[in-house]
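Quick heads-up: it's one chain on its own, the form predicted on its own, in structure tokens.
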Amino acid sequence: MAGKLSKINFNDYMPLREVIFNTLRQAIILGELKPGERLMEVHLAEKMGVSRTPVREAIRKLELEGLVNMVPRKGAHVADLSVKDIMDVLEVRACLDGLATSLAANRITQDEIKELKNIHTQFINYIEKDNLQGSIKKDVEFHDVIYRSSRNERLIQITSNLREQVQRFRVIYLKDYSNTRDIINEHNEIIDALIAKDPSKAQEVAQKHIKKQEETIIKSLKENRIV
């Protein structure tokens, strides 16, 4: 259990409970802690070289984010990934991304277009180097620029509530390097629609991008018998 976890690096600027929480959350998102895996406080504490109390607090916080399930008499488990969960989350994400991108088509600045292109170039570089962490970071930044360019604070707030669940799916999606050419092409289509200031096209390609992500994730999880 929790084979890839190791003793944590203490951060003088962050409370211990936050360091543990971020460490466990990252392990779940990256798939190092598998769906359905039991989270035993004593084992996790030993692995990370800390006491059980901050581990217990971190697990409770992860439950609030939907990354951990507490089962009576069975304890804490990493939340399972079901096809229904994936479809529910990404249906919402497709609508939100479509709206954000259509709004951005009319509101994005030339500086933001330049920023988007630069991030996309970095994303491609990380993909070519098989750098998963880097490509994930740049994919997040790419979509963050679009949401910021929508100039709609409520929309940004709503999508932030899905952030951790979406990030978990993003890792599964980007781990499969067989579909990276499609991702690059879809990002290019989004950029082109924004440059053209075409809200309808921007919405269409943004939603297509998330739909393709949904199909790829479900296929990957089924092939690996996770769902």
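All residue numbers refer to positions in the sequence shown, first residue = 1. Rigid core (definition): largest C-alpha set, two forms, superposition within 1.5 Å. No experiment lies behind these values; they were computed from the predicted model shown.
This next part talks about the form predicted in complex with a further copy of the same chain, which is not shown.
For the options E186, E57, D198, E37, the residue carrying a heavy atom within 4.5 angstroms of a further copy of the same chain in the predicted bound form is E57.
Shown without its partner, this chain lists D176, D182, E65, E46 as candidates; in the predicted bound form, only E65 has a non-hydrogen atom within 4.5 angstroms of a further copy of the same chain.
Interface membership of K61, defined by any non-hydrogen atom within 4.5 Å of a further copy of the same chain in the predicted bound form, is confirmed. With a 4.5 Å cutoff on heavy atoms, N152 counts as touching a further copy of the same chain in the predicted bound form.
Although the partner is absent from this view, V89 contacts a further copy of the same chain in the predicted bound form, with a non-hydrogen atom inside 4.5 angstroms. Contact check for L162: a non-hydrogen atom falls within 4.5 Å of a further copy of the same chain in the predicted bound form. Comment: 92 to 100 is the region of 126 to 134, 92 to 100, 112 to 120, 139 to 147 lying near a further copy of the same chain in the predicted bound form, near meaning a non-hydrogen atom within 4.5 Å. Contact residues in stretch 125 to 141 (any heavy atom within 4.5 Å of a further copy of the same chain, taken in the predicted bound form) are absent; none meets the cut-off. With the core held fixed, I195 shows a CA shift below 2 Å between this form and the one not shown. For E186, the Cα coordinates differ by under 2 angstroms between this form and the one not shown after the core has been superposed. Taking the rigid core as fixed, one finds a CA shift for I218 smaller than 2 Å between this form and the one not shown. If you compare C-alpha positions, N118 and F169 are 3 angstroms or more farther apart in the predicted bound form than in the form on display. Relative to this form, in the predicted bound form the C-alpha atoms of I156 and F21 approach one another by 3 angstroms or more.
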